[in-house]
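There is one chain below, alone, in structure tokens, taken in the form predicted alone.
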Amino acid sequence: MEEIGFLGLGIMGKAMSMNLLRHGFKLTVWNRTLSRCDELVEHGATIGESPAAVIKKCKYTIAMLSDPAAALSVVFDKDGVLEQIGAGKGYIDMSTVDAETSSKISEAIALKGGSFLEAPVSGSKKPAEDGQLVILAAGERALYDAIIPAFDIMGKKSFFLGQVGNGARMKLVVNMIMGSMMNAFSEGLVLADKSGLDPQTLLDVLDLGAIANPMFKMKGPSMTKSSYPPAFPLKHQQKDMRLALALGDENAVPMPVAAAANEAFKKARSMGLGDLDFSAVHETVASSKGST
């Protein structure tokens, strides 16, 4: 493919862009803190001084940003995407945002003659490093077809979900389920411990039953040691829970389990755990396990 632009080099963006470089793609990268580009430059990437500069240079540009505010800022601010997007150029936003944010970006890019695809991903740091993400795309089908070679490197499966907004909604539903499961898992680990059971045995039993899943298998051992290296920061999981609950409000869907899980993530943030992995929500239960 032609050279691809990549905006946003956090935990996910860095892993995804490094994967593309390892597979022979040429990249021009940008991050608000430019020093984060250094390691990618060592592997062959070039640096764009602004989002606008990256868009100007590249036919296709991917963004992987932290939240709706960052996604909007990169597009609409000075030296942003809109200053250089136009006919023949495509913008692929892989950030997790709400459908309203995605639609706002899509409409602005369409007015400039550019094409847009939202493509949030299911997966965290390790799947990003291994090219095992699940990509949930929606928007312009022609752009989806054109960027598939890059998606095939970054992900194990890509879905095209139709009109803009469907990718964002699907991602929020997935993360809402994941966050709710993590809270139930945390309560189970602490309940086993308080009941005099070995949490590791609980992990073994779960892994052999109908609710076995990669998240429990991956996160459980470190959670029992109160270790939470950030693969997916807790503050971002809480943001996704909040956006999912708003989606529930829009559609009049009662979500008492998700609402309770969101409160636990909010408590974890108030405990200063926001930059740790989202599994650190375990501490909201574990920190009080010695009380009677």
Partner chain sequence: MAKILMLKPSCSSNHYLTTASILSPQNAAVSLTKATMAMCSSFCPRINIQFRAKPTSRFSIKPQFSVQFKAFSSQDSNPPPKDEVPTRIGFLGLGIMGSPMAQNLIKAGCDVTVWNRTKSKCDPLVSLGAKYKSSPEEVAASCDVTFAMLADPESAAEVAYGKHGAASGMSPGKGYVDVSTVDGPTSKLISTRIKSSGALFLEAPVSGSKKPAEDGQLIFLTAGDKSLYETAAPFLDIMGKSRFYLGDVGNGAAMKLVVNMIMGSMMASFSEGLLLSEKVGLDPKVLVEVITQGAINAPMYSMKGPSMVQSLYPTAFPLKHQQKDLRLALGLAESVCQPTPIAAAANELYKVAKSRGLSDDDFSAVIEALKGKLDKLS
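Note that the coordinates shown come from a computational prediction; the quantities given were computed from them, not determined experimentally. Positions refer to the first chain, counted from 1.
The next section is about a form of this same protein that is not shown, the form predicted together with the partner chain.
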* Using a 4.5 Å heavy atom cut-off, state whether Gly248 contacts the partner chain in the predicted complex. => yes
* To do: Spell out, yes or no, whether the shortest heavy atom distance between Leu234 and the partner chain in the predicted complex is within 4.5 Å.
  => no
* Asked: Any chance Phe216 has a heavy atom within 4.5 Å of the partner chain in the predicted complex?
  -> yes
* Contact label in the predicted complex: Gly188 to the partner chain, heavy atom within 4.5 Å -> yes
* Asked: Would Lys156, Arg169 and Val174 all count as contacting the partner chain in the predicted complex, using a 4.5 Å heavy atom cut-off?
  -> yes
* Asked: Out of the stretches listed (103-111, 90-98, 134-142, 70-78), which one is close to the partner chain in the predicted complex, meaning heavy atoms within 4.5 Å?
  -> 134-142
* Asked: Between the options Val29, Ala261, Ile62, Leu65, which residue brings a heavy atom to within 4.5 Å of the partner chain in the predicted complex?
  -> Ala261
* **Heavy atom contacts to the partner chain in the predicted complex at 4.5 Å, residues of 250-285 in sequence order** => Asn251, Val253, Pro254, Met255, Pro256, Val257, Ala258, Ala260, Ala261, Val285
